[in-house]
Structure formats: structure tokens, C-alpha cells
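First, one chain by itself: the form predicted alone, in C-alpha cells.
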Amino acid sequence: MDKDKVKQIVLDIIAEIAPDEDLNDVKSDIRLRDQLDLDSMDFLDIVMELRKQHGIDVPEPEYRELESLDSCANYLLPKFEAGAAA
């Protein structure tokens, strides 16, 4: 697992919950909500899909860690690695 794979997982989840969004030009370092038409419910769906599909729990105080693709990768990579080691 690497950061690019984590970013792709997040993009795949966004594609599932917001299929009309064009994800081809998403910038890694800009807040996802600034680039895409995602509301707070969409964001919660991302968090729920991470839990459902990958067993990763993101506590509410840490939601800010998922603002951009870069921050998602930085935050989620250790969680994916810990899950793989378990």
C-alpha cells in the first residue's frame, strides 16, 4: 500500500457516492469540498464507506484529516498498513 493507492481508494469511494462528479482533474493539495460538489452528507458517506469497505474508523474529531487527497493519504496510510499487519 502506498499514498497513491490510498488516494485512488478515496477517489473510488467518491465516484460511488457522487457518480456525476468529474474526478479527472482533482488536485491532491486542494480541499475536496472546494473542488467538488460534496456536502456534509457526502463527506459522512465517505467516512462510512471507509469503515464498511476497509474497516477503517475515522473518529469525528479527525474528519479534518480528510480535507484533501494528500491529507487523506497521510492520515489513512498508517491505518491501512496497521490493518494489513493485523
Partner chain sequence: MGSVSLPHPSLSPVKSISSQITSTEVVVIGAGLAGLAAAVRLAMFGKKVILLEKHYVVGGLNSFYARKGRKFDVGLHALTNYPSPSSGKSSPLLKLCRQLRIPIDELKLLPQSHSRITFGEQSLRFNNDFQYFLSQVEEAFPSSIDAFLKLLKMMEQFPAYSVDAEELSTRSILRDSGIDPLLGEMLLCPTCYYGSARPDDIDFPTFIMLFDAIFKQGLSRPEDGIRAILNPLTAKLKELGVDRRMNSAVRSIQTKGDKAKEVILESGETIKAEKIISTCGIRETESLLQENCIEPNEAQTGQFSIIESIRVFKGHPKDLSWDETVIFFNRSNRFVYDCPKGLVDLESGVICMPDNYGTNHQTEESKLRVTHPANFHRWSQLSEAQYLKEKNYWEKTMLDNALSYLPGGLEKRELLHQRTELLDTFTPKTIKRFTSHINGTLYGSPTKKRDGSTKYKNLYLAGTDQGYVGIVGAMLGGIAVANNQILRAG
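Positions refer to the first chain, counted from 1. Only a predicted model underlies this, so the values are computations on that prediction, with no experimental measurement involved.
Separately, the form predicted in complex with its partner chain exists; it is not shown, and the next lines address it.
Proximity of D42, R51 and E60 to its partner chain in the predicted bound form is complete: all three residues have a non-hydrogen atom within 4.5 angstroms. Contact between L38 and its partner chain in the predicted bound form is found at the 4.5 Å heavy atom cutoff. Taking non-hydrogen atoms only, D20 approaches its partner chain to within 4.5 angstroms in the predicted bound form.
Residue contact with its partner chain in the predicted bound form: E16 places a heavy atom within 4.5 Å of it.
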